[in-house]
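Encoded as structure tokens, the following chain is the form predicted on its own, with no partner shown.
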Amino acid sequence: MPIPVISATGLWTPPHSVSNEELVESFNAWADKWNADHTAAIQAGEVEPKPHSSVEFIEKASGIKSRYVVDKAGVIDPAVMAPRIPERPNEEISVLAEIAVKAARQSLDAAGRDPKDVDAVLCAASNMQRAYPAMAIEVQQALGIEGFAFDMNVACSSATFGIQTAADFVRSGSAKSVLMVNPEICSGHLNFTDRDSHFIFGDVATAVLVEAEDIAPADHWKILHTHLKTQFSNNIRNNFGFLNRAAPEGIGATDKLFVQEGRKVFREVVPMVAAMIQEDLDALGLQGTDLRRLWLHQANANMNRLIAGKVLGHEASEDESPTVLDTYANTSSAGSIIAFHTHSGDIKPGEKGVICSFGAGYSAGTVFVERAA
């Protein structure tokens, strides 16, 4: 049976970054105008005034200090409070495919792989730009890849689910080289007028090349074990879809964007993920201390601190559980891949680590890897 490995990864970062200070300034200006426009209703007790946000609140709640976005002007304009990305004609490459291709080319170049040698493309992301044709097929076309391609969505766990799917294709002999991309324009589904979540997301694209070991470059990562888990929960939700494109005015407007019950998510996901990783360690005959590094989903610094602590048995250092959340914010499925891409170069042959995601669904995925000798 062919052995799947990770040959290379790629990362595309938008040129624009928004600091917490900039985001807070725009939010507070919007809140002040909203309160002024609704003075009578506020005084009558019919609605609550919009409270201000603050840099201190954001950093304490999340650990986020800044985020990259594809459109900064719209996000920080109090009169807009959303990214403004012009729609492109069908003859032009779509935005999601374009950034996926940029990350994909990096991974292919790093592995020394010609696109024509790739057998399949998976586009795994939280929010697809359209229903069909599949974004993956557009990426396939842009790169000149033959074979097959399809989209998949498991929210923030899309990348780890995508890696296992790619690895399964390799094991079965259906493909020897699979490109998995994660284009995430998360700013497009974020409500920038919600104080409790206006700071959470950023935009990015990542790519992972999964191949059979016999064709992989010498500097690759063995995939030791993968594990996927889902458990239904309404605590993280986005109700946007074609069935509600013409919903009556005033019905569920904000639930067509990202909404969550943050405290419930924290209480329920942390123990679930820590137990899942421990179960995997037991299956591999390993201890938490056998892991050189944990590349965790970049959603919340406090969640990662608790999960890593439960797995390792001690407070994790930045070296053991690196953070990219502070500069990238939550990039959904791409978060753990960014951490792996940017904090794996110093891992020595034979050392092991785990890529782990968790998010809406609930969904969670682990990919245990070992640096090839």
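Residue positions are given as counts along the sequence shown, with the first one as 1. Predicted model, so just to flag it, every value in this text is computed and none were measured.
We do not show the form predicted in complex with coenzyme A, though everything after this point is about it.
Heavy atoms within 4.5 Å of coenzyme A in the predicted bound form: does D196 have any?
The answer is yes: D196 has a heavy atom within 4.5 Å of coenzyme A.
With heavy atoms only and a cut-off of 4.5 Å, decide whether I58 touches coenzyme A in the predicted bound form.
Yes - in the predicted bound form, heavy atoms of I58 and coenzyme A come within 4.5 Å of each other.
Find out whether any non-hydrogen atom of S321 is located within 4.5 angstroms of coenzyme A in the predicted bound form, and reply yes or no.
Judged by the heavy-atom cut-off of 4.5 Å, S321 is well away from coenzyme A in the predicted bound form.
Heavy atom to heavy atom, is F258 within 4.5 Å of coenzyme A in the predicted bound form?
Answer yes; at least one heavy atom of F258 falls within 4.5 Å of coenzyme A in the predicted bound form.
Where does coenzyme A sit in the predicted bound form: which of 33-41, 50-58, 341-349, 65-73, heavy atoms within 4.5 Å?
Result of the contact check: 50-58.
Can you pick out, from L294, A149, M303, L108, the residue that has a heavy atom within 4.5 Å of coenzyme A in the predicted bound form?
Here the answer is residue option M303.
Can you work out which of V154, I200, V118, A212 has a heavy atom no more than 4.5 Å from coenzyme A in the predicted bound form?
Exactly one residue meets the criterion: I200.
Within 4.5 Å of coenzyme A in the predicted bound form, do I236, F266 and A299 each have at least one heavy atom?
Yes, the whole candidate spot contacts coenzyme A.
Can you list, in sequence order, the residues from 19-48 that come within 4.5 Å of coenzyme A in the predicted bound form, counting heavy atoms only?
Contacts from 19-48: none.
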